[in-house]
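In structure tokens, the next block holds one chain alone, the form predicted alone.
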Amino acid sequence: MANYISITESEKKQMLDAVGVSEIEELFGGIPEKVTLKAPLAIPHGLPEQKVFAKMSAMAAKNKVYRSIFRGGGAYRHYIPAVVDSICSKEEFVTAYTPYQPEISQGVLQAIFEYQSMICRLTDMDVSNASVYDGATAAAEAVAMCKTPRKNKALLSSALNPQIIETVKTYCFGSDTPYEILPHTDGKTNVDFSDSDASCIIISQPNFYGVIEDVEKICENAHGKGIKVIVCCNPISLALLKTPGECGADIAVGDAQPLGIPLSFGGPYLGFMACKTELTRKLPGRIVGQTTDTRGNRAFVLTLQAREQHIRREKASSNICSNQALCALRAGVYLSAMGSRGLERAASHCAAKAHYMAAELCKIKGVSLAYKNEFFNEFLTICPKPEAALSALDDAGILGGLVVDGKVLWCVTEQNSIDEIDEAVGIVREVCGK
């Protein structure tokens, strides 16, 4: 990025003269005397660049950086091409203010438009937005899209990520929306559509336990009862599995973090949302559309803002007025760099290596798959000494799986080599084989 250059004293004087004051303090003359500062704030003096660098380096050294990661549960370590950081660090994109003025925001608007187009292609949906904080928020917003005056109950799979369930429940509480948690058997959601009051059902593909759900069957049965289907999906998995659109879903949501966004201690991330044409006007947040200018040239603008809270106020179906353009840009650049073939190869590596690790772990006495259903890159295992095994992995600089109800949820991506997998399995064998 370019260095910031402050204004000169002469430029400052010209600005003050233009507004008719002689000192900057006069600009704040309307502030009551009793609330003004009588002494400078207790803020340390500035440091030379070298000392600031040393201080920040010392702070960063306190972080524990794992050389190998086998944990997912909603946030995943994937390969990020160097071009993603190169493009997304350009100062033209870093200031991601909402592009309300299209005449000076064509670059950012086009970037968002391309991202939306890629999400539509990835999910096989008709329209996408670019404004939601994360996957859990996207799922909650999707529930609001499905409500009608006659049907407003939401059905939630218990095999959803717990964070998604809690976020949806919070949204439901705020909008007086009833909900029901559906149980699961052997890792798959038990679906009962006898309740005609339901407006929608939310399921994950793959679900939190890594199991691949029968989304097509669920969509068919749900639509027979007039219930819309919301599918929370891992975007990388869509390179191999049937897309939400192919399965007949009405709305596809998820977290785009795997698409070129680093783990970054939990954020910022990006919730993607895409839906069928008939739900377009209910889709919250920013939607960029393509048009032509007065000269007939291709141009981009924000569209359908009438849905927004800042225009419709209390009548709005959503309060999302955010702008996740920088994260959306990363996802767009990542997808462009990887291409359909690259994304498919990454997904294939995830699935193949996950199945290899599962098979190797299950050779250890006392370790077995908790569920026998097919999975993508996450799987749940019964482990005789889960905490001890994960502690031993941690001592070796390896972040092991996530403990879920006394079992271990493992995750493998294309970043995990066979040697890393064998090392991790060897440590688990040493601990659990005793």
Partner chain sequence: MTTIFERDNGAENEYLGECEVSYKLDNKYCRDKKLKLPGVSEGELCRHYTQLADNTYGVNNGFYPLGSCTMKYNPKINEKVAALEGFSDIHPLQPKSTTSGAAEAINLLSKYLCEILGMDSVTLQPAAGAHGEFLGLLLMKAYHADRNDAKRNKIIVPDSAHGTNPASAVMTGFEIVNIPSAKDGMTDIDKLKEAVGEDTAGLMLTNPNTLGLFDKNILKITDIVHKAGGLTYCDGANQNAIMGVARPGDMGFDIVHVNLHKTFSTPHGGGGPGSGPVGCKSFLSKYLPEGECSIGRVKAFYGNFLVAVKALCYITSLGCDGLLSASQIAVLNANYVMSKLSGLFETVGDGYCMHEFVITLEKLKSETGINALSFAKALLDEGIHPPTMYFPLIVPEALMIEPTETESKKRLDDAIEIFKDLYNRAKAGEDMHNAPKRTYVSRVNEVAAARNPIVKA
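Positions refer to the first chain, counted from 1. Computed from a predicted structure; not experimentally measured. For clarity, a rigid core is taken as the largest C-alpha set superposing within 1.5 Å between two forms.
Not pictured, yet referred to below: the form predicted together with the partner chain.
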Discussion item. The chain here is shown without the partner chain. Which stretch in 179-187, 196-204, 220-228, 118-126 comes within 4.5 angstroms of it in the predicted complex, by heavy atom distance?
Written reply: 118-126
Worksheet item: Does at least one non-hydrogen atom of A388 fall within 4.5 angstroms of the partner chain in the predicted complex?
Response: no
Worksheet item: Heavy atom to heavy atom, is K151 within 4.5 Å of the partner chain in the predicted complex?
Response: no
Worksheet item: Contact between L402 and the partner chain in the predicted complex at 4.5 Å, heavy atoms?
Response: yes
Practice prompt. Determine whether any heavy atom of C362 comes within 4.5 Å of a heavy atom of the partner chain in the predicted complex, and answer yes or no.
Written response: no
Item to complete: At a 4.5 angstroms cut-off on non-hydrogen atoms, which residues of 242-270 are near the partner chain in the predicted complex? List them in order.
Response: K242, T243, E246, P262, L263, S264, F265, G266, G267, P268, Y269
Discussion item. On a rigid core superposition, would S417 pass a 2 Å threshold for CA movement between the shown form and the other one?
Written reply: no
Practice prompt. Using a rigid core alignment, state whether the CA of D394 is displaced by 2 Å or more between the shown form and the other one.
Written response: no
Worksheet item: Any CA movement of 2 Å or more for G406 between the shown form and the other one, core superposed?
Response: no
